[in-house]
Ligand code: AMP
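Coming up is one lone chain in structure tokens, specifically the form predicted alone.
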């Protein structure tokens, strides 16, 4: 099967590799993995997946720590024609039960320490369980070491699924966004060009890889450009600043930039070798943007994407990178602002619902045809749920979410899920969970409670009760007890008033 005939993302990424010895990944402990190594390891892993019964179109659910073996598993899954389903490492067994029950994967890959707890959940959908630890060791890699590296990439069409990523809304449970081979390939190739990536680039990769940003943007863009990445397990400001002397690009969430700004070693001198700093996944405060420019001489390039759409807009590579704006629509992507009630397109500078269309936009929600239909306009535009405007110069601004979704540290947090847990606690009458500006996390998850008179409900008590029931990124950073929640004439809680009331609670003193 030649490259032109096979739209499999793996073929598009690797069929044209002219120098297999070219460096692809350098780990934090000095291991060097070439493009040829990646291809061979993906072949071995793909053979193991097939031997475990994974067929084209099957889902492979993965909840493991970041490692090179994890990247190999992603590539192997796609190469075998299966659908990669990454799951946040913070999810509890209670949460995993939903995702695995909904996606019905044929294989679940987890940390060795989680295998026992996950086994009964996987058994419900007749899924096999394999393990992969943070050190890259586990039953999966043990089997892969003995497998052949020869593997014929499974033919896929551009519209076949490559991945499912679960996202949060504000009604109902999480939805699985179905992403095709073309969704991922077209978007990455567009970004390679827009951000001027070449084979000379070295990316500092400190993002998680169960998320669009770290997996699809950072990894796919680097590999398509034949560049290399320095692969770090997590954010380490001291190490990142040291690595800037031989790297060219950093992709991060706002937390990266606020933490790096707290480090006295950050300066124009320590960043002089760097070409580009990119921020996304959550709003970067305009103050952080300005402070970064003043300190380093570099303007952070902020962009806007979603789990369902990959990347939609970006500030320009050449030209003004406007603090608080997310730039222009990427080539091949159309963005418009509409009246949320009528769907009528609004003129520039007017605030409304952001809608997008392009080859980057997902195929729909897994097994939710009615939900999918309701989120698309008849002309194919996807209704993002984000409120914003396009200014007079054509820059897109995101001004809030029509659905009260909270984005904290780059992760979608679904308020109703947290409210349900809090409302079930003794003494609590009702709760409202909101996101308010937080320099590190973009938005801090904040809970406001109304309790029975005389009830012994405290911030510490609520946080203790939630611990272990929710993933850490969903945990409220603050809990407030009030006499009543603000409501409109229809009795609906006015979260906009709550957000305004508590907007400064995380402000730096």
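Residue numbers count along the first chain shown, from 1. Because the structure is a prediction, the values reported are computed rather than measured.
What comes next is about the form predicted in complex with the ligand, which is not displayed.
- Proximity of 276, 321 and 393 to the ligand in the predicted complex is absent: no residue of the three has a non-hydrogen atom within 4.5 angstroms.
- Contact with the ligand in the predicted complex, judged by any heavy atom within 4.5 Å, is made by just one of 205, 303, 357, 226: 303.
- For the options 188, 431, 212, 77, the residue carrying a heavy atom within 4.5 angstroms of the ligand in the predicted complex is 212.
- In the predicted complex, the ligand stays beyond 4.5 Å of every heavy atom belonging to residue 114.
- Heavy atoms of residue 398 reach within 4.5 Å of the ligand in the predicted complex, making it an interface residue.
- In the predicted complex, residue 282 approaches the ligand with a heavy atom inside 4.5 Å.
- When contacts are judged by a 4.5 Å heavy atom cut-off, residue 221 does not count as touching the ligand in the predicted complex.
- Per the 4.5 Å heavy atom criterion, the ligand in the predicted complex is contacted by stretch 295-303, the sole one of 295-303, 78-86, 420-428, 155-163.
- Closer approach of the C-alpha atoms of residue 416 and residue 253, by 3 angstroms or more, is seen in the predicted complex than in the present form.
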